[in-house]
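Take a look at this one chain, the form predicted alone, written out in structure tokens.
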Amino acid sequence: MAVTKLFGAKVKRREDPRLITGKAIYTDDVKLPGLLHAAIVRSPHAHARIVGIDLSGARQTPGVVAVFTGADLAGKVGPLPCAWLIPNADLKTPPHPAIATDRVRYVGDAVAVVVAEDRYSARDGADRVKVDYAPLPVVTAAEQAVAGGAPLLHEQAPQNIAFRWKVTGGDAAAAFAQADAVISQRFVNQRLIANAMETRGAVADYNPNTGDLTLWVTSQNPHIHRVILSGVLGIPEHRLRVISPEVGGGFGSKIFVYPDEAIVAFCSRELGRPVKWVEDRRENYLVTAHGRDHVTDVALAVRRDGTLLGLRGRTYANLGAYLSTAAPGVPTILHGLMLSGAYVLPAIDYEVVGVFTNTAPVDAYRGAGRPEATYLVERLMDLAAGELGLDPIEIRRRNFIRKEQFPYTVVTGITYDSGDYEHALDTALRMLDYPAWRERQRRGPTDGKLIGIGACTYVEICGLGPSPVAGAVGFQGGLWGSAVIRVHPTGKVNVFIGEKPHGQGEETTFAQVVSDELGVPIDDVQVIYGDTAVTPMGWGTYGSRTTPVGAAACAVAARKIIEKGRKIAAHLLEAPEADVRFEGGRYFVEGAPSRAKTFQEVTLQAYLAWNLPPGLEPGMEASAFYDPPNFTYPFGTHLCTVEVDPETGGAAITNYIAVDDCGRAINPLIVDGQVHGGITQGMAQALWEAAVYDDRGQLLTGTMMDYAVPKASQVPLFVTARTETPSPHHPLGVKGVGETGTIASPAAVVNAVLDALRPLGIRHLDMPLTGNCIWNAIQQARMKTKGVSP
């Protein structure tokens, strides 16, 4: 493994100066000669038939160039495909038209597009499109949607069921028959909205002379956009160039191919001029894919001593009105397979029902299935501890997979690569001084506040591939990483990667990896990404896969270059190749370090080609397509303490400790940043955030005034630490860390609040645990104590 001075160093992010000084180029900064602007007319109804559309007013609006409806797209723009066709689930994939033609199915569904000389004229024109709707009954909740008599969204999906998927392992019936106790609970994992700083946008430029289309788009995976849009638009892939410039956050929501991007491309092709569309914040809330939205009934079978025996349950996963790009895979593969958590769990019998409703499509949001699984398992562990009279830490410790058991295949069939869960737990407990906090809690409140201590011991699946597994679980693509490293005659290095960093810092970490491998200064390494015309094919940035997969590709490509250089150096030094070593940017003869050539000297000779070994090609360039042999499985323990004010219901976080093990950390500074951001997002789900629809399908939390994105003043100081358990199958021993905070923190925070409320007899509350939610629960508990019916 490459562990040198830059691997593990706190190198400042090289991308930050341009980002924080406003010098970066985003999609909305793209300006082309003759540029037109598009505004999309969206349905105000959650469910309605389109009786007629009057475009006359829009066409008469000054500046308007064209107006298109769904009928105009017929035969020219295909439906948006779902790209995760989970097997053995009777998956229904109703067509998802870019612009609705006969029926709208959620508020925000596109019904027309207006193209004008400027954005304001386009908006004016859109406001003058008159649509005659015949409203239809609406259903927004998954369980109601599968009930008899519920409005049907798609004829192809009876009872609005998109799929039924099961995961089983072990003998669950026997486990529950043998149990001393069964802990049952209903959990709601509420719907969330991504809230990236930059909303989505696209600029399409079709060249009628060549048939080429260039599309600038806010994308986490431009190559996937190219593949899918090639099919949707009927443009050969080699004629379609997708450029994803700087992207201002995604959290998963910019993985997917949306109708809007196809609409903009269609407009450019029809009009022969470039067309731009940039989502406003209201559109962003309405139509950019939402996350989570699970309702789960689950039971855990345990022995009296806390030993886990089995788990069974059913989740209703609200998928919204249409299947988004990866939607079926999130509540199944990424959720259902992780229900063992960090524990030895002998049996699972679990079903996921994917359901269509009159709401915005739901897809991957930071963590994607794993926060839902971790929350479920970790809440059950606390509930079980409470019912058995055990300390919440002790029941976890008793059921951990031991470090000597790795690699460990859990009952759902996946194999964890490595782990030392007890070490991470003990580290966190020491950092908090757990016994002291329990003692403080036992002494009782001195100021009326209730003290709670919450824990979450998690493991997550990331580093997505390997590709054969992706194919086996229905993902319609590969999951390898790619890199092309081009060393120039002067020894300067370009690294072209297939991944698409968008704020995580990989421009810096990848440069660290290549700098170390090649022994060149980090300033001599440039990382290039985001343009399908110049970068190698890649499968995108999501699922904490960019570093474990993409950085591995960089390392492998760099090692190919080193080996080529070794041949050249041996030839120049007149030494056997086996005797030539490479360290610190120098090739030298073993035992004779003065007989040496620098990496730069060897590279120059590779390009001059005056004196190369016979048969060796000139140049210094290598590519690698790294397909991992397994996923990686980061893990850790998060601890949280809270003070709950019983008079207001307010919960204040007084400590937050995160001990994460992401294998070897390339850049601890960046790891901490990703953990901080992740904790904040998960904490927000626990306490504040929720996307709420009313019974008519109207999004009540459709603005930043209504949707509780946390402010810096609401977030406590995080104390972070790491343990280090390298992945044994990874060339660099790294695992990935981008989602760990979001996965661990909801359970840690909720467990802490419920721990504080336990003396009042409050067993469980669903997220978000707002002050109002907690206050109401306290009042009901007090009335119950007094024998008063709530």
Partner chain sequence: MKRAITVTVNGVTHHHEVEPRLLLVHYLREVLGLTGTHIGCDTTSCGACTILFNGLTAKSCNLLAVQANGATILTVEGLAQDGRLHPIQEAFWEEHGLQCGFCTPGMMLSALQILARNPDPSEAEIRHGLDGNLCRCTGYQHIVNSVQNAARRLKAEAVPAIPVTATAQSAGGKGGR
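Here the structure is a predicted model, which means the values were calculated and not measured. Positions refer to the first chain, counted from 1.
One more form of this protein, predicted in complex with the partner chain, exists but is not displayed; see below.
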Q. For the chain seen here without its partner, which of 274-282, 161-169, 543-551, 224-232 has a heavy atom within 4.5 Å of the partner chain in the model of the complex?
A. 274-282
Q | 407, 95, 629, 710 - the one with a heavy atom within 4.5 Å of the partner chain in the model of the complex | A | 710
Q: Identify, from the list 512, 189, 681, 318, the residue with a heavy atom within 4.5 Å of the partner chain in the model of the complex.
A: 681
Q) Taking heavy atoms and a 4.5 Å cut-off, does residue 26 contact the partner chain in the model of the complex? A) yes
Q. Looking at the partner-bound form in the model of the complex, is residue 220 within 4.5 Å of the partner chain by any heavy atom?
A. no
Q. Can any non-hydrogen atom of residue 291 be found within 4.5 angstroms of the partner chain in the model of the complex?
A. no
Q) Any of the heavy atoms of residue 502 lying within 4.5 Å of the partner chain in the model of the complex? A) yes
Q. Heavy atom within 4.5 Å of the partner chain in the model of the complex: which residues of 89-121 qualify?
A. 119, 120, 121
